[in-house]
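The chain below stands alone, shown as structure tokens; this is the form predicted on its own.
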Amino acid sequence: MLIKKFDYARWLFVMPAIIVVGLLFVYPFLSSIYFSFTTKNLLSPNYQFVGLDNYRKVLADPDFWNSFFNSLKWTFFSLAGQVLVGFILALAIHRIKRFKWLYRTLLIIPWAFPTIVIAFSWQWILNGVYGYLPNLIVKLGLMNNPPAFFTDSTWAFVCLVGINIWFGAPLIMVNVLSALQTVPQEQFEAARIDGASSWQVFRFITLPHIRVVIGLLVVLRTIWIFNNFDIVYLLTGGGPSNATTTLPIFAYNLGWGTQLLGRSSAVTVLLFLFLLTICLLYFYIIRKWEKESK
């Protein structure tokens, strides 16, 4: 009898979390899959089942492929920059003996701010009309006209990637720094006695201990960056001329701009399948690393 009461109590405690997850994730996810096979739109309550027609139209749309390749570039350069900068910062702080807490706190500041604050701050800094940096460049005589950071297609993409690296590198830094502190110091001392170089110490001692953590960070950041909507939408809105339109922006414009919710749902399902494939590949590599380290 006591066991049954305990079981009821256990489910009672977790039920609120199950309900919240169901309402915020499971229901929208299943709804998107269902609507992707229909003509669902936001102008009429009536819709029909059309099978794979939405997927065929999406895959035949050149704007979809433009957004897809923009997402690939956005994710690759942002992720590579975040991992590189975060890793270098973590190694540097790990070697610092004094005021380590101060440097760690200052460097984590970008990650602590809400995205909307970051977006409007960089708009004020880089805007071609009233931005602080473009006007400073003109005053210093470096250029005759203020550079169009957000209205030139090349500059807009470069600025977005740079801002995203600045924003995401602190997360990599903190996690890698935590992983570095778990590496046994005895191995470093033994390597120094054996005359190992700094590169050999890093390659054969440091990297094997922290590569699983780095792999998990790469998985999470790949998902977050590829799915990122707010910072791109707030800074450029996907412009100029769709140069920074990623798949989430494309799906948003398709669903809320043209009201074609069914076709927009097809885009989100394709996005999910692509990320699922990438994550399975990542996890296969990480699992292989874990087996090698045992």
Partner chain sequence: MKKILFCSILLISIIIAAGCKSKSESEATESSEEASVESSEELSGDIVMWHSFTQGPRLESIQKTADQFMKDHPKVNIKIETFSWNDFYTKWTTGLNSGNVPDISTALPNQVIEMVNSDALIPLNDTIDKIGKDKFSSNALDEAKVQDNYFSIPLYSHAQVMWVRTDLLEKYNLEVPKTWDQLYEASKKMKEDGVYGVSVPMGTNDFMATRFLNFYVRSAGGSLLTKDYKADLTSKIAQDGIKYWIKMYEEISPKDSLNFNVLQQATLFYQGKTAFDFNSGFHIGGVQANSPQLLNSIEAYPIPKVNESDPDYGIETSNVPLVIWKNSKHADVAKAFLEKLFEEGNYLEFLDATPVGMLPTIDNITDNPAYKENEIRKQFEHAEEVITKAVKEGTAIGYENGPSIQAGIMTNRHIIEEMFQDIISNGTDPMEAAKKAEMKLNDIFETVAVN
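Numbering follows the first chain given and starts at 1. Everything numeric in this text was worked out from a predicted model, so none of it was measured.
Keep in mind that the form predicted together with its partner chain is missing from the display, and what follows is about it.
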property: Location of its partner chain contact in the model of the complex, chosen stretch of 166-174, 189-197, 203-211, 145-153 [non-hydrogen atom, 4.5 Å]; result: 145-153
property: Its partner chain in the model of the complex: contacted by all of 36, 111 and 268, heavy atom 4.5 Å; result: no
property: Its partner chain: the contacting residue among 52, 30, 42, 60 in the model of the complex [heavy atom, 4.5 Å]; result: 42
property: The unique member of 251, 260, 225, 232 whose heavy atoms fall within 4.5 Å of its partner chain in the model of the complex; result: 260
property: is_contact(residue 256, its partner chain) in the model of the complex, heavy atom dist at most 4.5 Å; result: yes
property: is_contact(residue 130, its partner chain) in the model of the complex, heavy atom dist at most 4.5 Å; result: yes
property: 4.5 angstroms heavy atom contact with its partner chain in the model of the complex for residue 48; result: no
